[in-house]
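This document starts with one chain, in the form predicted alone, laid out as structure tokens.
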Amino acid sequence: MAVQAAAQSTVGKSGADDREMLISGCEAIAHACRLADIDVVTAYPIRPYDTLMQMISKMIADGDLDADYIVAESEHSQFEIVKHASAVGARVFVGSSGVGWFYAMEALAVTAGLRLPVVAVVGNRALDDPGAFGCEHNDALAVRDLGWMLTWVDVVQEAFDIALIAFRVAEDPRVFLPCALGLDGAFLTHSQSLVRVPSKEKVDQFLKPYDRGSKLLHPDNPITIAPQVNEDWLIEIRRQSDEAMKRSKGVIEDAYRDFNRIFGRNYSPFLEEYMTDDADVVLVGQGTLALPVKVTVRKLREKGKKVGFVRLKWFRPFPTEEVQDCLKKFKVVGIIDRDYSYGSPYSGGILYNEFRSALYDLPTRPKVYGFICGLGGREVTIDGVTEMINMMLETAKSNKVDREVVWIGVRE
């Protein structure tokens, strides 16, 4: 049986001079920032992403990175600082988590509206109240309609790699949109793994200097940044941002092709398929829940169950055509949400309704389940995944969905 693992990093000849390091997800992104030669980084650290800023601070102190490190007095201010730095041509990096991300919401909206390619990491964390430091995706997903590109990773190697891709895509003149990289709190921010860190020469091949061209804010280039257009031009500007988000999909594909060639990887841009070749039912999700789902799929395959897994890698831009082409093959699809959307259609999660919408126009479409689980950092377990798959297998036989959305692993 073929196992499609397109998202897993493979290192060929071009990886022979890579340096192997045992680092966490936060540390991996810090090394990506170092190799990307960021100019300005701001910090108001909030766990679970704070070790990233500590690592960057150490790199600067040790002379390994030449960048302005600005400690702000709030999450709002740190995003305002990098926004302005990006406008004058600085490659910038910033991050936050949970309610800290929400405290910066005004700046997050303005950054997207101004088409400034800020790259940020969100150490995914449950929102207050009630307080919890465990992983949920509602923090990063809050900007899904504002013009931010959003991507999630599942292993430390991918965290490093996609950070470089994020700079490349965001700073492309065809795009000029901010990008947030979702890093599951604790599961990835603090977990260590062996990572191949490439040479500076290879990174320079892939990632050219940030160039705003005629859009650079400078005294010698009299342009207007952040105008108040009121009703006169606002809808035209919104349409321009929409076109940029549409173009970003092709830019992402170009970036992945170059990345695979230069670094010897074998990434697919938008989806990873795992044991889907002859599957009747598949689960779909994003982030680190991929590991327990894959383990469960393997165990059930050993028992003759035709099951598989599909991992979504970019939430914005949403890969509608790729999702349709992939999921139309299956009888039943289960969407796993590490988030919630109270009062939404069928009371489903955010991913659930996005996928249902994408599948709606297919002449023949699979039955769709929504599963909400792993909130607050609770483990997505083999037992929980098995429960989901068994429900889907029953539907594959009966062609009937008893409950559209099911919360998994909730104590009664």
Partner chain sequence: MSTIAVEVIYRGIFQKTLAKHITRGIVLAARKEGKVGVAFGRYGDSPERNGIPAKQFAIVAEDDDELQISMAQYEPTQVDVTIAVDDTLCKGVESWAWYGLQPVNKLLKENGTLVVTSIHNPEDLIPHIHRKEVPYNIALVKGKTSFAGLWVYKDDHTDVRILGVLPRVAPQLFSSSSIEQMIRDEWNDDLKVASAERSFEKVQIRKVKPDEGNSETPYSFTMPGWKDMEEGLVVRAVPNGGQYEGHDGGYRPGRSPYFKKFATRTMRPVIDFTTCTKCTLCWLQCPDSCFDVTPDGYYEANMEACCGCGVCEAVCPVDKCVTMVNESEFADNASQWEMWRADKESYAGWLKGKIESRPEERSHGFHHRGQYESEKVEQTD
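Bear in mind the structure is a predicted one, so any value in this text is a computation, not a measurement. Positions refer to the first chain, counted from 1.
The same protein has a further form, the form predicted in complex with the partner chain, not shown here; the description that follows concerns it.
*Asks:* Just to confirm, with a 4.5 Å cut-off on non-hydrogen atoms, which of Glu236, Asp325, Asp277, Asp145 contacts the partner chain in the model of the complex?
*Replies:* Among Glu236, Asp325, Asp277, Asp145, a heavy atom within 4.5 Å of the partner chain in the model of the complex occurs only for Glu236.
*Asks:* Which listed residue (Glu243, Asp211, Asp129, Glu302) meets the criterion of a heavy atom within 4.5 Å of the partner chain in the model of the complex?
*Replies:* Partner contact (heavy atom, 4.5 Å) among the options: Glu243.
*Asks:* Does every residue of Leu114, Lys215 and Asn221 put a non-hydrogen atom within 4.5 angstroms of the partner chain in the model of the complex?
*Replies:* Contact check passed for all of Leu114, Lys215 and Asn221.
*Asks:* Among the candidate stretches 200-208, 160-168, 221-229, 281-289, which one is within 4.5 Å of the partner chain in the model of the complex when only heavy atoms are counted?
*Replies:* Result for this chain: 221-229.
*Asks:* Would Arg247 count as a contact of the partner chain in the model of the complex, using a 4.5 angstroms cut-off between non-hydrogen atoms?
*Replies:* Arg247: contacts the partner chain in the model of the complex.
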